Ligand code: HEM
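Given as structure tokens, the chain that follows is alone and in the form predicted alone.
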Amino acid sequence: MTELFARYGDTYRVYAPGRASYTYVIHHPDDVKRVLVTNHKNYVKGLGLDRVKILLGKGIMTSEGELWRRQRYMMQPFFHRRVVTQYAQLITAANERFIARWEALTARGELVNLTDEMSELTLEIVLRSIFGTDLDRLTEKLGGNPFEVVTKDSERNLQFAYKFRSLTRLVAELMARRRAENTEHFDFLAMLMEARDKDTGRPMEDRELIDEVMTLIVAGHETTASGLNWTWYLLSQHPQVADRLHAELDAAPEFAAPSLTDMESLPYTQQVVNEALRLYPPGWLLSRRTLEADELGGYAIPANSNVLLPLYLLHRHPKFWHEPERFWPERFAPEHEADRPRYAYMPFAAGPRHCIGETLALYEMLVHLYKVARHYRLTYVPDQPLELEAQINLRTRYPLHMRLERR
């Protein structure tokens, strides 16, 4: 796709014999805005959705129409910044447990498998935010965390989907026990169970609720893990950026469990995260399908056509980014905001279907950098070539190994 973009520019189409139709690929921010924002009602999810539905059911990532609108409306308040910051202690505790583990590895002269660790860390955070104290009860009862399959099985094939969907039984059992015990919980499962439709006052059906839980588990951990994996890699390759990040964090107050507002007081740290997500957006490709004919890039797009939006290339568009391949966090400083169109950067998508968990994901990333980079430097120790794996998420093909060094 990089080669085709360089050859054909902002808009091109590829004929797919298996579907006997063209797939259109767009890169210009104006066209991206039209698909996701100004004419979004003409577009539904496109290529690849069937495979994702097998994994996630009809959660808000895959559903359409009235079901999607109803579920989104009920879930939106869960991710308000006031709610998100109440997970400060949970996020902090998880990071501190992992730091202690890394220190033990370092004491034995071992490297940190950063890729696996980021996946496990973000999975623990999302599971505890969903299930709260029930996660420990479940783990103790079963002799291990049943949701570890998400990090242990890297393939996203039908075999994984079967294993993952089999876990819905455990979620249903947790819901039944909570109803029977009538105990109070502060977690996403409790909020989902208490959510009510604005028009009818009805709760979610159990199948809908379970699909939303499964969606939160997958979407809430893989993207954040990928973002942190790439952030640490980029910092390890750019010592001057790392030095400036360390300086900002060293000057910051000592927050035991930093709030969202605390993290937003670190402008350069935010710029580092934004720049990492620009170069390596976890959700690197968006897929849509037209309902009616449209026009993009000056070309007629027939009804029922698949349209691809490669965010990886949008974020590196040479017309809208100065030195687009360079890791330069300062480009996200306020004085550079006018340098590019609004829709040239959108790692969490845009419009009505933008990522509902954006605030929580950024909060997690910032707390992690604050807790680790205040006291440690991570040095990349290459053992295999760095290669991209562009599947559902943009990952490194091989795990990244780092040496933890106390500053």
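The structure displayed is predicted, hence computed values, not measured ones. In this text, residue numbers run from 1 along the sequence as written.
Omitted from view is the form predicted in complex with this ligand, to which the following refers.
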Contact flag, residue 79 vs this ligand in the predicted bound form, heavy atom cut 4.5 Å: yes
is_contact(residue 288, this ligand) in the predicted bound form, heavy atom dist at most 4.5 Å: yes
Proximity of residue 277 to this ligand in the predicted bound form, heavy atoms at 4.5 Å: yes
Distance check, residue 29 to this ligand in the predicted bound form, heavy atom within 4.5 Å: no
Heavy atom within 4.5 Å of this ligand in the predicted bound form - the one residue of 121, 114, 219, 84 that qualifies: 219
In the predicted bound form, the residue from 169, 177, 72, 198 that sits within 4.5 Å of this ligand by heavy atoms: 72
Location of this ligand contact in the predicted bound form, chosen stretch of 88 to 96, 279 to 287, 141 to 149, 104 to 112 [non-hydrogen atom, 4.5 Å]: 279 to 287
Within 346 to 385, the residues that have a heavy atom no more than 4.5 Å from this ligand in the predicted bound form: 347, 348, 349, 353, 354, 355, 356, 357, 360, 361, 365
